[in-house]
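Quick heads-up: it's one chain on its own, the form predicted alone, in structure tokens.
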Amino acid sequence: MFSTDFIRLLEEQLGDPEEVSRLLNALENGSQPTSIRVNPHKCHPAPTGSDVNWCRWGRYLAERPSFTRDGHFHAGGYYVQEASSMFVGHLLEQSLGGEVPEGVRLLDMCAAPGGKSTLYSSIVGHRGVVVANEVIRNRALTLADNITRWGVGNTVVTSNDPSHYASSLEEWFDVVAVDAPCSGEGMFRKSEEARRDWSLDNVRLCAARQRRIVADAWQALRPGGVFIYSTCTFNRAENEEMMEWLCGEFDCEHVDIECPEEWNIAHGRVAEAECFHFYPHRTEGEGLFAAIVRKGGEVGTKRKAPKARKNPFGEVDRKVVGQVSGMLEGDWKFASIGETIYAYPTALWSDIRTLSEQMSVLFAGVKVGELFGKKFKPDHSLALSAHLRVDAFNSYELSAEELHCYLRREELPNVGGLTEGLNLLLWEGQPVGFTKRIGPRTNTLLPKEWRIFI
């Protein structure tokens, strides 16, 4: 059952009782499509299906497989993402005119668990840096795991209050995206908890919190930059009224977005904001609202880095750089944090250093590994990097049984097939991790927190 207040809001918003009835039926009885987004930086097999119109990497699957048992999922070959959520990538690409400028800086303000952040990182590639911020620490750790699995190396995971970005990196970003915490009406058919917790008071509470986040996020955006706002809810208070408030408080400019009618996305305009509603009875996906504007004002040169608050990086010995540089394709800057060696895209090093000097960074670049004397222990992040040179390691193709042993952190049964010492493990050609053979046994290097129990 749905709250009478919720039904009333839908009637006021949609205007057509038949339309409301169809939406409520879809929320109550509609099928829940399964969709994934293929990682374009890892050209290996992934589940196939029909295309998601607004995302060139999106696929609908005919049925939901066991992702937990799929090696390509664990290797970052694809991300399980709700199809409607992929639309923000379309907004970003359209706003950039189809070509990503060199050095673009993108802030994903409310990023966990990482679906939109990994999509943004695929779009900007090594031409730009993505900052994925999540203020709640345990959610930020999950975000870091998903960024690690995606393996592009252009993303910095932070855990800071939005106000820190407003004060420390004012007008520093070219794109700011806010996937705002909301009342979750678009998730009603997936979550009984979302239905149970919904109330008008919660809608008002969410709207007030969203304004605070949006105001801080806006301060971090440079004049001429693009602002993308999204929620997974339907009501006007958290959506259209938020855009009315934004355009009334700040200097906003319109951004043209192509949205073909056959996509069945409800499309309108509020002040200068292009607004889009995904309704489950119209589109194959869950509920979503998305909007986009451009920040007005005089467009000048990019704001310089603020004065450093700290310097977390240490130099890496040249001999060590020579040892680890051959493990990755491309041009990388190597630095140490404590005993751990990290690799950062050279073109993005200045921005990553600035972020690390200002913010609470949980993960960035590629965590290469640690040196114990002359012995090198690779990190799982290295195995999952899209830039890994597979030929730099002794590699071993796993069987299905061996894959599941590895994912459970058990010893591999076919020890004789492994080379003594370090081995890179592959599943259908795609790296999934490292193991070390020590005589008749193996020592799996999969992190304990990544272990599965099936």
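Numbering starts at 1 and follows the sequence shown. Predicted model, so just to flag it, every value in this text is computed and none were measured.
The form predicted in complex with a small molecule is left out here; the points below concern that form.
By the 4.5 Å heavy atom rule, the three marked residues 43, 77 and 126 all fail to count as contacting the small molecule in the predicted complex.
For the chain shown alone, residue 134 is a contact residue for the small molecule in the predicted complex, at least one non-hydrogen atom being within 4.5 angstroms.
Within this chain, residue 213 lines the site of the small molecule in the predicted complex, having a heavy atom no more than 4.5 Å away. Not displayed here, the small molecule is approached by residue 179 to within 4.5 Å at the level of heavy atoms in the predicted complex. Contact annotation for residue 209: at least one heavy atom lies within 4.5 Å of the small molecule in the predicted complex. Comparing 233-241, 372-380, 113-121, 324-332 against the small molecule in the predicted complex, the single stretch with non-hydrogen atoms within 4.5 angstroms of it is 113-121.
This chain is drawn without the small molecule; in the predicted complex, the residue among 190, 282, 139, 367 with a heavy atom within 4.5 Å of it is 139. When the small molecule is considered in the predicted complex, only one residue from 162, 71, 186, 153 comes within 4.5 Å through any heavy atom, namely 162.
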